[in-house]
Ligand SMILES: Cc1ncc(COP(=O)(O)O)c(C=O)c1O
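Next up: just one chain, as structure tokens, the form predicted alone.
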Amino acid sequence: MFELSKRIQNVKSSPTVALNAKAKALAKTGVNVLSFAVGEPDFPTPPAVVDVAIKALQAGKTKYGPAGGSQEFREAICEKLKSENDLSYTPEQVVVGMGAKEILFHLFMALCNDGDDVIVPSPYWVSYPDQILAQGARPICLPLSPDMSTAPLRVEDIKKAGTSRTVGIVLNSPNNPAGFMYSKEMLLELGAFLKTNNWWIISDEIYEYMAFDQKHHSLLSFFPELKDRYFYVNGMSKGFAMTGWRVGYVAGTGPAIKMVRDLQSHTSTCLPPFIEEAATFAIKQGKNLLAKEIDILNGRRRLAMRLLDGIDHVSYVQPHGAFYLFIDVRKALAASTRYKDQNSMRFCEELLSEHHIAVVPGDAFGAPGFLRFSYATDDKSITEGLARFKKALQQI
């Protein structure tokens, strides 16, 4: 037998997907499991968007579409980028794919060579390091900032991590898993540094509509001179409650964008045209389409923060955006005879098996001793879930 791919052997399965599957399997046995593990809003896709898709299906729009996205959808994306982000792109500089996850995978394929380094600040979305590893490159994961609430990203750490092998950096604001956002001041400091090197800048901004305490800014809007190596990644999953529709896109310039489009033509090929019509309609409505639901999310955020404030031995990163709380349980685990090793993975397994709540261990995000709690669910579940969490902490 031939040896399997060394690159792919380094890739681990997604822990968030695996944990959500465990929670669903336990629930099927009749256990009342409360899951705070999945990264999707609990709101249904807006009915008006669904109606557009149904009409497109009825009109027979079920054939192949163009690789990389239809002209109409890419034009709508360019209009959105101009009006909401102050970014100027042409449709030829936009590629659409099956979710932002696929877009990122193809983008790393286009940008990375064997032995390249890509800087990934911690805490990070679980798929960044593994997608980079799959290309034969190395993810250089930065240490956690001592104060993620006010200074989640430190330029000094980026400078220390950079080497002659560094080809890029991944940015993510609002952040998954911690919910923090890069302030304007931080972006100005970061952009001033990135002007001095020649790295690719991969900016994942998929949670931009879930910005609660401050305005979301794209780094490129402050530093247009970075445009030839900046890639803006977004999608319809979060801000439009369209996770299952699998619509993602990237805007950028130069040969790399053509390479991403070429890769699309050899993998998923295209989005179904009826989905593209629905996505085109949705993106033209903008952030107002789910404004009410995002206000509800903000209320849930405040509820979860208030309840956590009443629990001893834990703290959390100030969540300015997205829909997660990143809970620091290092102090609580250190006070327990069972968890002095700070094993948040084992603690999460106990939370699921004994207390029937599913949260994601911070180990998956480069932050052992933390837990990711998604508040994209109803108030009753949040209240009951955090009551069970408090009880579990008391018992250890």
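Note that residue numbering begins at 1 and tracks the sequence as displayed. All values reported here derive from a predicted model rather than from experimental measurement.
Another form, the form predicted in complex with the named molecule, is not on view; read the next lines as being about it.
- Checking Tyr207, Phe108, Phe240, Tyr316 against the named molecule in the model of the complex, a heavy atom within 4.5 Å turns up for just one residue: Tyr207.
- Checked against the named molecule in the model of the complex, the residues Ala100, Leu144, Ile169, Leu290 give one hit for a heavy atom within 4.5 Å, which is Ala100.
- Shown alone here, Arg246 lies within 4.5 Å of the named molecule in the model of the complex, counting heavy atoms only.
- Proximity of Tyr232 to the named molecule in the model of the complex: non-hydrogen atoms within 4.5 Å are absent; the residue sits far from the partner.
- When the named molecule is considered in the model of the complex, Gln264 lies well away from it, no heavy atom lying within 4.5 Å.
- In the model of the complex, at least one heavy atom of Leu104 sits within 4.5 Å of the named molecule.
- For the named molecule in the model of the complex, the listed stretch (211-219, 255-263, 192-200, 122-130) containing residues with heavy atoms inside 4.5 Å is 122-130.
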